[in-house]
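As a starting point, one isolated chain is supplied in structure tokens, in the form predicted on its own.
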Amino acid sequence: MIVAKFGGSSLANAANFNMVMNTIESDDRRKIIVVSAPGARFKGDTKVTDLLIKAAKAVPGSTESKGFVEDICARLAEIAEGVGAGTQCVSGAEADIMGRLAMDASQKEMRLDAVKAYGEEWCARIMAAAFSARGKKAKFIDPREAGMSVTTEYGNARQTNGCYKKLSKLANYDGITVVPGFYGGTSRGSIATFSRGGSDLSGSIIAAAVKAEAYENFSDVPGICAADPGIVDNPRLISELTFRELRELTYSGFSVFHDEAIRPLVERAPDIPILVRHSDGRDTFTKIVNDRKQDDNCVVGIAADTNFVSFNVEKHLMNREIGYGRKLLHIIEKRGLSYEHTPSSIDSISVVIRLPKEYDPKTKSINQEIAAANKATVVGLLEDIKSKLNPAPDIVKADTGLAMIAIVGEGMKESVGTAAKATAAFASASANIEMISQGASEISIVFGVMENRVGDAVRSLYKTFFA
């Protein structure tokens, strides 16, 4: 049995939907299908999940809200008609979304999650109906009914330990089971979603629960590349990498796979491989395994991400102030923030945090609301550090506009000179290194540079390690 998950871009329109169904039918081991909500159909288009969020934030009953509902229902009807399921399979879609929007507005997070989960649910309903129309034995099952029990951390839920035993029963159905990804049911009977992109996590949990032969993760890319194709021309495809390497790469900026989706397999079924594949079913893919044979190249991939800020604190004789770093981190914690890196010296410490993205590379636009919130976060945290850190620091400043670039590979811990090659590559790209951090595992080295030097730095690193 194979568990196969399909991303939003693969289900954006009827043509893609039909291609996905053909891919599923090409291998009768694909028994459990996990789906995302329909994604963008073309450049500049809005994903169904984003339309749902806009509808949830609009004034209930307003013209704006009704417009979003009409757009969402029209998208579903168009797909249903185009895949042969017929519009009757979405006859209850409008009443469902209106019911979710009419939920108690005082329960803001609970209501928003119920609305966000709508896209995955109806996408799964359409697919099950389309397979039935093709003469296949298929059924839709709600993840709550299947046993996907999650915590009440709305928008960032986690699976409970008890969900695996319940979900294992999905293996008993001999037809095709279509399950919506991204959400589960709480002990309160409400819907709670994982973080954005959480359908990957849904598939991973289910694969671990049913002890699948493999977990296939399909999208609009043929696998995972050694660097961002938007930065490096035609980067090589990674044929195989480990769970730990994938975790480091996704954490450091790779967006192909959700960074939490590895854990269920690592903890419960490490022998189940993940195959990252193109939705058209082509033979090329990246295989993620628990352990792999090392090749000659110690670096398997290069990842980069932007929108970091470093809070730099200097205090004379800081090394003699017991608990000074803990106090600083507690101030950051009180703001509800987590830190990424904490490089330090005898009289200084820097704490690097990641801010939400303000810039959308697809639409080339700035989200002014997020930009304003990020600015307020930086200013507020600076004031907190200055006023609450005791004894008071000599200097406190924030460096914004930072990017983090990571080179990743299990073979790095056995290789000599990797850091020297990397720093030479940065010098060749005229990119000044603002920070260097390496974890105890020694499978990644992270370099901080200014955002305007990311492209040149990544290309130089790729040339050094892969050309």
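The structure displayed is predicted, hence computed values, not measured ones. Numbers for residues come from their place in the sequence shown, where the first is 1.
Below, we turn to the form predicted together with aspartic acid (ASP), even though it does not appear here.
Engineer: Taking aspartic acid (ASP) as it sits in the predicted complex, is Arg196 in contact with it (heavy atom to heavy atom, 4.5 Å or less)?
Structural biologist: Yes, Arg196 lies within 4.5 Å of aspartic acid (ASP) in the predicted complex.
Engineer: Are any of the heavy atoms in Ala37 no more than 4.5 Å from a heavy atom of aspartic acid (ASP) in the predicted complex?
Structural biologist: Result yes; Ala37 sits at the interface with aspartic acid (ASP) in the predicted complex.
Engineer: Would you check, heavy atoms only and a 4.5 Å threshold, whether Lys47 touches aspartic acid (ASP) in the predicted complex?
Structural biologist: Output for Lys47 is yes: heavy atoms within 4.5 Å of aspartic acid (ASP).
Engineer: Spell out, yes or no, whether the shortest heavy atom distance between Trp122 and aspartic acid (ASP) in the predicted complex is within 4.5 Å.
Structural biologist: Residue-level check for Trp122: no, no contact with aspartic acid (ASP).
Engineer: Quick one: find which of 374-382, 196-204, 265-273, 123-131 has residues within 4.5 Å of aspartic acid (ASP) in the predicted complex by heavy atom distance.
Structural biologist: Selected range: 196-204.
Engineer: Looking at Tyr215, Phe182, Tyr118, Phe218, which is the one with a non-hydrogen atom within 4.5 Å of aspartic acid (ASP) in the predicted complex?
Structural biologist: Comparing distances to aspartic acid (ASP) in the predicted complex, the residue within 4.5 Å is Phe182.
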